[in-house]
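This document opens with one chain alone, in structure tokens, the form predicted alone.
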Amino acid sequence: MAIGIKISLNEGLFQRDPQSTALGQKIIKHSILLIDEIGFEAFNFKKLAVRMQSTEASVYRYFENKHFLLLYLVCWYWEWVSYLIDVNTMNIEDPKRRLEIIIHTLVSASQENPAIEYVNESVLHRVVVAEGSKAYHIKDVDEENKVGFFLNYKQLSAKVATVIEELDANFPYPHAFASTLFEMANNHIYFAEHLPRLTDVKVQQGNFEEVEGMLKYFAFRLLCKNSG
């Protein structure tokens, strides 16, 4: 399904598009694996270069610093989820069914797609769950927002908000609820794996069925109250 796909991201995130070269793809691949292994705080370009058997200078030719690299990875994931939603809801007219598919896609987007060799989606998903909020819970968020660094997430949220409005035109918080679905999914996966007393769902061996069930419960209890 994803053969030939090139994810389009804000050019301000990188010095050179890493998707365009073998070295850049190697940087993406190994940064995902290394951040997942040691965490973002311990991650740096020197360690990445050692893992890649390359040099720090080669990494800096693509990214100004590790914050921009993390933001690039998170934006890549958001755009990947958006793409999957488009594909999975194509030709589906019923907004309730589309929202069901969207919620399922939020969870199943973490499944690895071997067609994109330099991105392990399941590992990237773990990175987004554990580290993703660090990409935008930062002091410079307003400045980065002005140059469009978070546009991918905004467009994804707006896409889901549109479906929510179609499903329930009187629902007063479609954009808030759209972004809440994404944040809830990631937060409760994290809670289930690390802080289980903060949630009621369980995640075992990468099975997110209970998370999906929780999202659908909230969504359809709030929306379409008269639709049954």
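Only a predicted model underlies this, so the values are computations on that prediction, with no experimental measurement involved. Heads up: residue numbers just count along the shown sequence, starting at 1.
Below, we turn to the form predicted in complex with the DNA, even though it does not appear here.
Chemist: Could you spot which one of S54, T199, N187, S179 gets a heavy atom to within 4.5 Å of the DNA in the model of the complex?
Modeler: If I apply the 4.5 Å criterion carefully, the residue I get is S54.
Chemist: K29: heavy atom within 4.5 Å of the DNA in the model of the complex?
Modeler: Taking the distances in the model of the complex, the answer for K29 is no, it never comes within 4.5 Å of the DNA.
Chemist: Does any part of K159 reach within 4.5 Å of the DNA in the model of the complex? Heavy atoms only, please.
Modeler: K159 lies outside the contact set for the DNA.
Chemist: Any of the heavy atoms of R16 lying within 4.5 Å of the DNA in the model of the complex?
Modeler: Because a heavy atom of R16 falls inside 4.5 Å of the DNA in the model of the complex, the answer is yes.
Chemist: N207: heavy atom within 4.5 Å of the DNA in the model of the complex?
Modeler: N207: no, not in contact with the DNA in the model of the complex.
Chemist: When the DNA is placed as it is in the model of the complex, are T21, N44 and Y60 each within 4.5 Å of it, taking any non-hydrogen atom of the residue?
Modeler: Each of the three qualifies.
Chemist: Select, from the options 29 to 37, 199 to 207, 170 to 178, 44 to 52, the stretch whose residues sit within 4.5 angstroms of the DNA in the model of the complex by heavy atom distance.
Modeler: Checking each option against the 4.5 Å cut-off leaves 44 to 52.
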